[in-house]
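Below sits a lone chain in structure tokens, taken as the form predicted on its own.
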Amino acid sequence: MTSLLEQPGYDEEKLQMVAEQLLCREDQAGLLLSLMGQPQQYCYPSIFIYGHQASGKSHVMHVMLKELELPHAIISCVECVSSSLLFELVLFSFFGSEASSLLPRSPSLSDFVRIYRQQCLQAPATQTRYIVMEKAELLRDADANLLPALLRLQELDNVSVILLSEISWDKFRPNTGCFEPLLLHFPDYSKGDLHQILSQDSHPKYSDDFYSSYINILLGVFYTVCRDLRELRHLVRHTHTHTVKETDTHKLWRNIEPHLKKAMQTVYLREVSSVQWEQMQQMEEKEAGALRGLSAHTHVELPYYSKFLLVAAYLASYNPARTDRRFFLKHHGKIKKTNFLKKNEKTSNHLLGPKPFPLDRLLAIFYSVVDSRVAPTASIFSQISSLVTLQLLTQVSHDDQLDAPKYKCAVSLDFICAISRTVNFEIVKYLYDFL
């Protein structure tokens, strides 16, 4: 509401435009605007804004700085891989390319401070300059003196540093100590807030009431597991159907229920893009349900060798170790299944679940099933770590056991069959349970 954004020194029409774009974040925007004060006044030296992902932190700052026409520099700490790039972007945003070109090839913090002070003397600030640091938690890995210097930058000029982070200041605070910023928390959107925001993106073919009911159904399914506005907006756009009449709510639920089940398995992973989602739906219609029953995880895109590593991990988890010679050794002779079936092994390995396997066995099977010769480079080992990060593999040994780590494969049979088809590998022929 406009009343929450009343502040002397700003145009009322601009404040109205800001309020219209900050739906369900009027309270936070009003508090932030009161801290910023009038454009020519000194703002608080540093403000630390924290909250979960997609809670409106960056959106509020972008809208306020742009619509109120305040001098600012928005820096992404993900893109700034070095301090020199950070210094260059700040100087370029405030003083132009000539100022940023004054930096040496590998500038230090003292070089940046010296050039910044010189530019401030030549062009003193008539309004408060704002430096917004997105993903600011990455600054903890930067030089130890960088963050304390940024928080005290107002000693050189009328500038305020605003840090946007997903973690609290207690976990962010450096051990060396620094100037304490002013803390401002952005809470998660409530269910009513999400419903109000998502309802703004109404579909032109449906009435507002019908689209609002559809949003209510989707939030009833996903709100307990996902409150990320971007994820929910992605789901809303790609799960509705165009073939249902507005009055037929039962048919609407039947049509979107399978899509919601698939989306529940891929929420937050974003393994299915918008184009892939539409292609997947068209393929299901053409093939008359040939892919029905496979989860949306079957369409995950992995590097070529990562797929073979996952196939090898599945074989190592569900095949007894003594059968590796039968499956992967060329001159093994004819060995029947009954020859190496133990008396107590009467239950299917798939019913018992995946078993742990050592790293050397995984690599041995991998080099046997992959078509081309692959050198044991660091890239192969990094891809194993990536599979663990994606929770496709599970490390069952302790982190301190570097000599013999053990893993488990955490994917289903349908999943691995779909992955093996993408690399033209018939995994069923190598599974002990299907001999």
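Start at 1 with the first residue shown and count on from there. Here the structure is a predicted model, which is why all the values come from computation and not from measurement.
Just so it is clear, the following notes concern the form predicted together with a small molecule, a form of the same protein that is not shown.
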Residue within 4.5 Å of the small molecule in the predicted bound form by heavy atom, from Leu229, Ala136, Leu91, Val236, is Leu229
Exactly one of Gln53, Ser386, Ser368, Thr394 comes within 4.5 Å of the small molecule in the predicted bound form through a heavy atom, and that residue is Gln53
Assert contact_stretch over 212-220, 308-316, 83-91, 192-200 against the small molecule in the predicted bound form, heavy atom within 4.5 Å, equals 192-200
Note to self: Whether Cys417 contacts the small molecule in the predicted bound form should be assessed with a 4.5 Å heavy atom distance threshold; does it?
What the structure shows: no
Using a 4.5 angstroms cut-off on non-hydrogen atoms, would Gln21 count as touching the small molecule in the predicted bound form? yes
Original post:
Taking 4.5 angstroms as the cut-off for heavy atoms, does Ser58 touch the small molecule in the predicted bound form?
Top reply: yes
